[in-house]
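Okay, so here's just one chain, in structure tokens, the form predicted alone.
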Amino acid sequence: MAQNLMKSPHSTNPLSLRRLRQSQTIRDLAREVRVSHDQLLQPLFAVDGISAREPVPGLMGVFRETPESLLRQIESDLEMGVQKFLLFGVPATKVRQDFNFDFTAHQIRAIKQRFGKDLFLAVDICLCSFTSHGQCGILNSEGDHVENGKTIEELTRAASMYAEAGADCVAPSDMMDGRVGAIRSTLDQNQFDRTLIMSYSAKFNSKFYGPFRVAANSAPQGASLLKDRATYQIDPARPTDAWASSIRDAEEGADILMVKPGLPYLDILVRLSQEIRKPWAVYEVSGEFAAIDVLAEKGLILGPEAHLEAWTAFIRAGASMIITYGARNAKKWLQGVL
């Protein structure tokens, strides 16, 4: 009976789908996937040793910040409706080991003293900005392998310092085996059991990271025999590894899991978010974001609308939060587009 009611006497097509598309009001009511600026995290780059903020090539409106400009930018972001941030600390001096995390810890403390609970602050945990060779950990004496255990010791030390400074969340992005368990154990032992861990559990060895590596001064350098990060980041042709590392990180105590990059790995996000019932983040990485802006500059795409389409795809695929360089524009864009 229900099928007969849906049939049109003038068509053999039993459905008239276009009725729900005929006006913006109806499309709003029928929408199944909704993007809110509350779901977005804004990356921040705090850089030691620069005298003035520096624009990041390819990322309009994104800067390498001084400690002073960082606080002003956060204040502006809060006024624009952003309340959640992912901080990257970039030291002035690069070494091979014995890393100094004081600069980043100081920025965390300054942010929290200034803004308190008005914001949620996650802090990236990786060594690529600290090492003279640009790899994400400590190299062996031959320079052809990242030492897993020694790297985890440094990552754990950084996580403890950042939690003590006031970080709400630490986000290990290095892809070392076992680092989530080590960080969780250390945080708990030091009474930081309320500090969240957001693990880059499915981080791929991607070519879409270019502008970020300029912002974080973290590109692999010639001082290492390793020319890329293929020995620890996931091979794009090995989706099984994304599942295995995400399961492991969830079991080791990660509160939030992440797929990075976003659009090229939506199939990964769909599968993982369905099989592992944890909150999922997706990182719209710098190359993805910049590609839309470049097309917009050439008049080939509508930038805000395209960013919103990408964000909708992330939420549709299973993400509950998105790290994007456009978070500070999201409220304005969503109001304008919708």
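A residue's number is simply how far along the shown sequence it sits, counting from 1. Keep in mind that what you see is a predicted model, and the values were worked out from it rather than measured.
Form predicted in complex with a small molecule: not shown, discussed below.
- Using a 4.5 angstroms heavy atom cutoff to the small molecule in the model of the complex, none of T195, R248 and W280 count as contacting.
- The stretch that touches the small molecule in the model of the complex, counting heavy atoms within 4.5 Å, is 227-235, out of 93-101, 227-235, 156-164, 73-81.
- For the candidate set I152, L139, A242, C126, a heavy atom within 4.5 Å of the small molecule in the model of the complex is found for exactly one residue, namely C126.
- Between the options F85, F130, F212, Y265, the residue in contact with the small molecule in the model of the complex by a heavy atom within 4.5 angstroms is F212.
- In the model of the complex, the small molecule sits within 4.5 Å of a heavy atom of Y325.
- The small molecule in the model of the complex is not approached by Q42, whose heavy atoms all lie more than 4.5 angstroms from it.
- Although the partner is absent here, K203 lies within 4.5 Å of the small molecule in the model of the complex, judged by heavy atoms.
- In the model of the complex, the small molecule sits beyond 4.5 Å of every heavy atom of F115.
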